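Presented as C-alpha cells, the chain that follows is alone, the form predicted alone.
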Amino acid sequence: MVYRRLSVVDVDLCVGCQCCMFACNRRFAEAGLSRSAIHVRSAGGFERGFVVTVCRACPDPPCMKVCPTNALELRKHGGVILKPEKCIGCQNCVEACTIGAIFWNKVEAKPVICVYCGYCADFCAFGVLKAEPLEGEKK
C-alpha cells in the first residue's frame, strides 16, 4: 500500500468549483456531495476566497481519543482509519476534530473521514491540492 499525504498547497488558487468534493463523493459511485470528505466553502465571496477543509492527518488524533468503541484506528503516518462496524454514531469524533474536518453522513449515521486516496487532488485543475507518496514509500 502506498501511503500518501494530502496537502492544501495554495488555498488562494481555489475558485470554489467543488470538483474535489464531487470527485471524493464519486468514490462511492454516487452523485452529489453528501459523502465527500473534503469541503470547500466561501470565506466571504470572491474577494475573501475560499476555505478548504480536509483531514490533516494528525500524528496524535484527538478524534481517535474520544471514540468509545475504538472505531477509529491510527493510520500509519498520521490520521485515522474508520472501522464502520464498530461505530455507534455518537459523533464524538466530529466534535473533537480541531479543524472541523470530520463530516457526518446522516443516512448511515457514521462519520465521513478522508482516506487519503488522492482522488480529489487528481481532479483539482488549479493546483490547490496535492497528494504525494510519503518518504520511503513506493511512488
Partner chain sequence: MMEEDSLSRILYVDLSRRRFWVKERPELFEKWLGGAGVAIQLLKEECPKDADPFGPENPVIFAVGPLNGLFPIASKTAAMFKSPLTGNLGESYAGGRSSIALRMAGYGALVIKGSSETPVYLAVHEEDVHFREASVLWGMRSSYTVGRVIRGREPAAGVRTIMRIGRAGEKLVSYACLVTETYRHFGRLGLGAVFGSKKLKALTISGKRSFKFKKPRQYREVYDKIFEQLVTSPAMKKYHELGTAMNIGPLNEMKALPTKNLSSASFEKAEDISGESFAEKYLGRRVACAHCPVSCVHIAALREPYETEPYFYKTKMISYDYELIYALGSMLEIPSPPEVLKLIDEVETFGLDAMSTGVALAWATEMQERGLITETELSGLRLRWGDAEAYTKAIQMLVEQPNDFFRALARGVDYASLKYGGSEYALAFGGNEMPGYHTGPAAHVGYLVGARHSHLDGSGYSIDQKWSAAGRQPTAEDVAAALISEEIWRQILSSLVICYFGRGVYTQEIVVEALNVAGYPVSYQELMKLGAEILKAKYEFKFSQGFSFEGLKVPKRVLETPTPLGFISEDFIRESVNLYRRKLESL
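Everything quoted here is computed from the prediction, not taken from an experiment. Numbering follows the first chain given and starts at 1.
One more form of this protein exists, namely the form predicted together with the partner chain; it is left out here, but the text below deals with it.
Proximity to the partner chain in the predicted complex, taken as heavy atoms within 4.5 Å, picks out 31-39 from the listed stretches 88-96, 31-39, 61-69, 75-83.
The partner chain in the predicted complex comes within 4.5 Å of a heavy atom belonging to Met21. Interface membership of Gly45, defined by any non-hydrogen atom within 4.5 Å of the partner chain in the predicted complex, is confirmed. Using a 4.5 angstroms limit between non-hydrogen atoms, Ala131 is distant from the partner chain in the predicted complex. Proximity of Val9 to the partner chain in the predicted complex: non-hydrogen atoms within 4.5 Å are absent; the residue sits far from the partner. Along 15-29, residues Val15, Gly16, Cys17, Gln18, Cys19, Met21, Phe22, Asn25, Arg26, Arg27, Ala29 each place a heavy atom within 4.5 Å of the partner chain in the predicted complex.
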